[in-house]
Each structure stands twice: as structure tokens, then as C-alpha cells.
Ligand code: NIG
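There is one chain below, alone, in C-alpha cells, taken in the form predicted on its own.
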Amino acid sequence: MPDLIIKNISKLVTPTGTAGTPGNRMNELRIVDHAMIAIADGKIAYAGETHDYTGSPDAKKVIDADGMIALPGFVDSHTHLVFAGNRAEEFDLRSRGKSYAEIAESGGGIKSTVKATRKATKDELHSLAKKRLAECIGLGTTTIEIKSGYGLEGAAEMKMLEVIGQLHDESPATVVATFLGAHDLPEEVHGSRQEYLSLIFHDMFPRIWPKRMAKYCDVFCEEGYFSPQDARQLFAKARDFGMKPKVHADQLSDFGGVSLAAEVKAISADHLEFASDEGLDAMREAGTVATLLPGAAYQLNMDFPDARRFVSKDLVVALASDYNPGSSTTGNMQLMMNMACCRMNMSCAEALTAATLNGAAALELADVTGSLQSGKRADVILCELEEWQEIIYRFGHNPVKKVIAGGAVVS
């Protein structure tokens, strides 16, 4: 007998497969009218037309969808959810013409958040992050990656990773941890990248390893931050400590981050506003997921990357929110899909695939979640919509009425 049956679904809409979907295949969705979903032991036992269901009609719990549309829960594969402080004043400065670089040079930017995050207690960080995560879940996100990177020294980075671990243990959503110690240079190393990298190698990595506190290691590969050569050193050491590479690549310039990501076979390369064609070709051959972050381009008033470039190169393209206090102050994946369609030349089907199955591929979870099919984790959202595209079309409106994460009804 199933634990949960969801009946009277007007339409079930989902990408399919157990791997990321590349290129034009992102438009291929399975759409089922008059559907139902049966869930057992936290996994989908059946997802299809009601009249084709041959399992038990009884369940411990039944949800009447009453004509709502079922979609996979969103997979937000790039966030910086754990932080303290507020940078609304910097937002105002940018609205008055100051650039992101100018604000950073005057002590703002990442360094401003580092100061506030170092000062905050673990309990304070946990309370703030828990509220943000609940907000994301209410908007339909059921799997989320969270990075460290606002500590930039051993104790503070470990404090952030411990909070991410707490969220992983207590949240109904799936939480994946990434170590981003190489986010910026702390003031105390006076601009010496090698001194700071040594601190990461000899202090931070040995603290992370015993408790397996992070699945991935990320780096901000940009002019004035960390070079491709720095990243090579970082990833060589990170692999020794069981962490796989991810790269913040070519957000502000064509700095070689995309080529570096392909070289080290990064799981994903993220941002990519200035990615070269050669770098993207190398990424495709390496199997690296291209994660686009429209919220950052929007809030920094930058040109949006053209998603058609990535799709035409047959890349696996994901969308993520980049939720952070400086350049993308939202975890709303519905809004990311709207931006992708309105400003990045994605179709609605491509945007949905990028925000679900391909986001899961960016976390090596495409065989576990990201689509509504038998055997996968039961991550389902029920939306009050007439047509499924409305979740993208009607920006600023949240149609998500129920969220099921791992088979549990959580909102």
C-alpha cells in the first residue's frame, strides 16, 4: 500500500531521464492529462494516467489535487544561503552608478559580508539561513546546494559548513554542501593568494575531511580573485580530501575559467557571462554542466548570457538562483525561469528542464531527483495553474500550493 496518493491532477509535466538533458532535447517534456502519483518509502511508485494505475487504490494519506498541475520540485544548484549582514546600502549605491568593483575596492562587496558572518554566532547564522531555506521551499525548491565562502578563515568557514550540515539534517529539502573558501582574499593575507591557498590546504581542508563536511570545492576564478593556476592547485588538493570541483567561471571577463573547468572536469561551471566558444566546446567534451545564473546578471545590471549559444552547442544547461546578499537577493526559481525566457532566449520547456533535471545533474543527482518518474525521490510541487507555462509567465505570483519533498508534505 502506498504511503501517499495524489489524485485528480489535471496535468503532470516533467522532463524525463536519469542524466542531464543536453541541447534541444531540453524541449522534450512528458505531459500527462488526468494524472495521479503514488508514493511509497519516499519514492515515486507511479506517475501517470489515472486509468493506467494498477496498484493499491488505498494509501495512508490521500491528497486531492483538485485539478492542480504537478511539476518536479525545483533544484537550485548554486546558492550562498548562509550569511549575516545586509547590503541594501550597496544596492542603493549601484542604483546611483557605483560599480560592483568600486564598491568592493572601498570595503564593500564580499568583504562586507565576511565581516558580518565572522561576527555572527553559529546559532544566529542557523536561524537566518533556516528562514531563507523555508522561503525557498515555499516557492517550490526541494533540492538546494549551499556554499560556504563568507568566512575566509578556518573557524568561520567551519561554522558555515556546520550550519549547512544542520540544515541538511533537519530540512525536508535535500541540502548539498560546497566549500567555497576560495571566494575572495581575506584582508589579513594582504593580497597574497599563495599565503591564503596555503591556509586552505593546511588548515581548512584537514578540518573538512574527517566529517565529510562538503561534497564539492568551488573557486571564484576571476581577475583580482583567483587565477586558473590557483584553481589547479586548489582542485589537486581538494581531490585528496574527497571534494569534486565546481567553478565560478568567467562572470566578469573571459578569464579562462571555462577552459579551466573543462580541464579539471568540473561537475559544473557557473555564471559564464563571458564564456568563449572554445571553452564551451571543451566543457561539452568534459561533461561539465553549464549553470546560468540570471538573478546575478539582473541585479548587477549586466548583459544576460544568451542561452541559445549553450543549447546550440549541445550542453547540459542548468538554471540556479545564486541566492546571495550582494548580487542576487532571491531564491525564487520561478523568477529565474522567467528571466531565462524573457532575457536569455530559452523556451518554457528548456527553462523547466534547466531548473529541475539539469539542476540535479549539476549536483550529480539526476538519477535521484529532478523529474517525476518511478523510482525517483518523491519531490513534487502542486500548482494552481490553468496551463503549466503560467508558473514562468506570471512572474511575481506564487502558484505553488503544496510541496512534497522526499514523500513528506512540507507546505
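Because the structure is a prediction, the values reported are computed rather than measured. Residue numbers here begin at 1 and follow the sequence given.
Although not depicted, the form predicted together with this ligand is the subject of the following passage.
In the predicted bound form, this ligand sits beyond 4.5 Å of every heavy atom of Asp76.
Taking the partner from elsewhere, Lys246 is found to have every heavy atom lying beyond 4.5 Å of this ligand in the predicted bound form.
Although the partner is absent here, Phe179 sits far enough away that none of its heavy atoms falls within 4.5 Å of this ligand in the predicted bound form. Shown alone here, Thr143 lies farther than 4.5 Å from this ligand in the predicted bound form, counting heavy atoms only. Contact with this ligand in the predicted bound form, defined as a heavy atom within 4.5 Å, is made by all three of Ile110, Gln251 and Asp322. With the partner left out here, this ligand still marks one of 170 to 178, 120 to 128, 76 to 84, 302 to 310 in the predicted bound form; by a 4.5 Å heavy atom cut-off that stretch is 76 to 84.
Gly326 is the sole member of Gly151, Pro294, Gly326, Gly279 with a non-hydrogen atom within 4.5 Å of this ligand in the predicted bound form. The partner is absent here; in the predicted bound form, the one residue of Tyr196, Phe255, Tyr100, Phe205 having a heavy atom within 4.5 Å of this ligand is Tyr100.
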